[in-house]
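As a starting point, one isolated chain is supplied in structure tokens, in the form predicted on its own.
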Amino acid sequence: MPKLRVVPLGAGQDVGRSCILISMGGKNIMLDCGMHMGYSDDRRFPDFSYISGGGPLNGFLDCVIISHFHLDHCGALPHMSEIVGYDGPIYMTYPTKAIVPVLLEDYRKVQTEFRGDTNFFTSQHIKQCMKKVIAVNLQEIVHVDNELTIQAFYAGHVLGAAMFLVTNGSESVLYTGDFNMTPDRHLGAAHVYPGLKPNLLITETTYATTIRDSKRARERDFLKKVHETVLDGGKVLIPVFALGRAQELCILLESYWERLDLKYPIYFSPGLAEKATKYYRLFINWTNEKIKKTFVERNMFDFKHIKPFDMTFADSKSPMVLFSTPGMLHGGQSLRVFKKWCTDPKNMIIMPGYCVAGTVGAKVINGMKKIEIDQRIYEINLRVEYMSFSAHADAKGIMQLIKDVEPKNVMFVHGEDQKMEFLKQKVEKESNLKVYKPANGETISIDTEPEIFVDIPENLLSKSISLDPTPSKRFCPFQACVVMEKQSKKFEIISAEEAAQHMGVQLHSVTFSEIIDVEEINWTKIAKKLRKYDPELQMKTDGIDLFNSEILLTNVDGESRQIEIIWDESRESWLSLLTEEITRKPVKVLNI
């Protein structure tokens, strides 16, 4: 029996460094190629030596698929393709292809120019890597080769994020990447064809045990706390990633400031708004319906109250709000500003999304009052608020996707072990599905039932339909032979007659007969009754030939009121119908 093998090189019982290797029907596919924001050594990248033993990956991988532009899903791509070595195709959506090189270059600058990392990929590596990328449209079926296909579906989450259906022959895997089942202010909800029934659904479980409260309540709470802090003379730091939650919260604050005519300055990291406007204008068809309808009249991303931030503003005594990258405080401007503001109890930091264990953001969320950053201890006196505006599906959304897709097996990645285990038990109990949650480097093997697709000749289909005597044609017996061609190993459906001819043998058939009593034998009248069942029936001097001689009606020697019905085994179900039709007396019409 065929086997589907999956091993996570990253994101196995962990969030970060997403990289899943699947083997199906002799094909090897890498799903995502991310980095781990909690590490600054070799552990930040997946262990690619698992695939090739330390050498280049050519010959070991058939393709690489990137679900979206977040660095924990694409941050190791130049390292994998240019330093380890891979020259094959890399697939991602058009928005992802546009944004990935920008974020990779920003990441490279942080690592090399601010942290002094010399063992890192270069700008040239990024350019060479992106030359191998093939962009795909949503729902487009892309043929990687003659057998392997991929198909992208809208995932919500961030601009360009996609789920990917990978199919090889009769085996299929649906990989969600990161997805969101709830529409927000600028993106729609994830959408995939219902009833796909893949052999395996690989789904993220970032919020495996969370069912979020009302979105409106969260937004009101966010606005209230921001407003109260600036009224009290404090500063509000909101760490975000360049694209995604930044736009969602900027739209929210912009409309609130406009409505109340507030004058407190709101800033964002330099280039953030320009990038957002550029990409959202270019890929407007990826946003929700409201954004599409109003984009011509008013660009929702041209903010009136939100201005670019200069690092000198960080030392100002005046209240302000700052959206700053990156979102997990693992480096960059957000961490530099945090170090300046964290000691003042008037200030506040709002963490709007998930933070990987080991990052400064995760330590802040966990309530640590003293944090070591760059070999210095910082007192954390500012207010800390964790408000989940993260565009990940919660437990309810994950369960809904499983219900919609109807997979045969489920695998959890991109989550914490204990939370995965809780949801695993719930899914297995309610959906009666086998759920896997392998750790990094752990291989799971799933038996898949082979499915064979063959073309059926039209004449055999017509014959099958004709064998059912009922008008509904719901129970059509199908009789044929399956032949496999030795060299191509392709299957073909042929008739029993053709099979006998191929094998050089004589075809035998079994016939049955029954004698019925009638009031008179008038072959013309009987043929008139039966012609509605077989318009091509043949009348003979001593009987009637139906369905190309599969049923014969004939005289019984020496009997003037008996007819013999002879039929072959395929027409067994017709006997009672024909008998009733032949012996039924005509209805007399009375003239009154």
Partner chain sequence: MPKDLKFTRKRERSEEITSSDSSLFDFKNEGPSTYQPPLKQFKVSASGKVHFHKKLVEKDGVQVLRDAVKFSNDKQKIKLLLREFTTDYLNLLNDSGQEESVELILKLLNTTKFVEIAEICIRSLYSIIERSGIKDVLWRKLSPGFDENLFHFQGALDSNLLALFELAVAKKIFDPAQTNLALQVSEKNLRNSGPSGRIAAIRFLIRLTLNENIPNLEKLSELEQELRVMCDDRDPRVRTAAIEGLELMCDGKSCLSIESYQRITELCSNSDINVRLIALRIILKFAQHYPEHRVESVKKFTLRLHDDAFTVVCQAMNDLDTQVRAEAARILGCFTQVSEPFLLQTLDKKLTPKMKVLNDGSTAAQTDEWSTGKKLGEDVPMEREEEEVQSLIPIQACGAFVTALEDEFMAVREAAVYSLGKLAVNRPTFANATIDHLADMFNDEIAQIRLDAIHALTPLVIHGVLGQEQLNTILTGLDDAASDNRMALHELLSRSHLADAACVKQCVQILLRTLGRFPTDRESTYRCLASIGLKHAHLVQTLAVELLGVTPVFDMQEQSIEDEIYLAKLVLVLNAASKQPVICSLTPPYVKKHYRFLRCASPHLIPKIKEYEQSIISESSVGASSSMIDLKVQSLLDNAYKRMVEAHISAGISEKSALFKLILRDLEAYQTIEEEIAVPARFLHDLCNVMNLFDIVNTGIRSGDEITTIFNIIQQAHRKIGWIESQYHGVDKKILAALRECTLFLNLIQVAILIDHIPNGQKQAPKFVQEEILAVENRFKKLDSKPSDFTTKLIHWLNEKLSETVQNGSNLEEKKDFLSGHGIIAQLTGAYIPAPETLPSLRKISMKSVQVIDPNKDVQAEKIVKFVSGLPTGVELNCMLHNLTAEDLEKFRIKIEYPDETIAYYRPRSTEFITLSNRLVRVQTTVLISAQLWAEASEIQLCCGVLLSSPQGISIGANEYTKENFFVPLPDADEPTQFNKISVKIHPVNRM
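All figures in this text were calculated on a predicted structure; none of them were measured in a lab. Positions refer to the first chain, counted from 1.
Here the subject shifts to the form predicted in complex with its partner chain, a form of this protein not shown in this document.
Out of the listed residues 506, 418, 487, 375, 418 is the one that sits within 4.5 Å of its partner chain in the predicted complex by at least one heavy atom. Here is the short version: of 88, 469, 270, 441, the single residue with a heavy atom within 4.5 Å of its partner chain in the predicted complex is 469. Partner contacts here mean any heavy atom within 4.5 Å of its partner chain in the predicted complex, and among 124-132, 281-289, 93-101, 329-337 they occur only in 281-289. The shortest heavy atom separation between residue 481 and its partner chain in the predicted complex exceeds 4.5 Å. Its partner chain is not shown here, and in the predicted complex it never comes within 4.5 Å of any heavy atom of residue 500. Interface residue remark: residue 254 is not counted as part of the site for its partner chain in the predicted complex, having no heavy atom within 4.5 Å. Residue contact with its partner chain in the predicted complex: residue 520 places no heavy atom within 4.5 Å of it.
With contact defined as any non-hydrogen atom lying within 4.5 angstroms of its partner chain in the predicted complex, 223 is the only contacting residue in 221-235.
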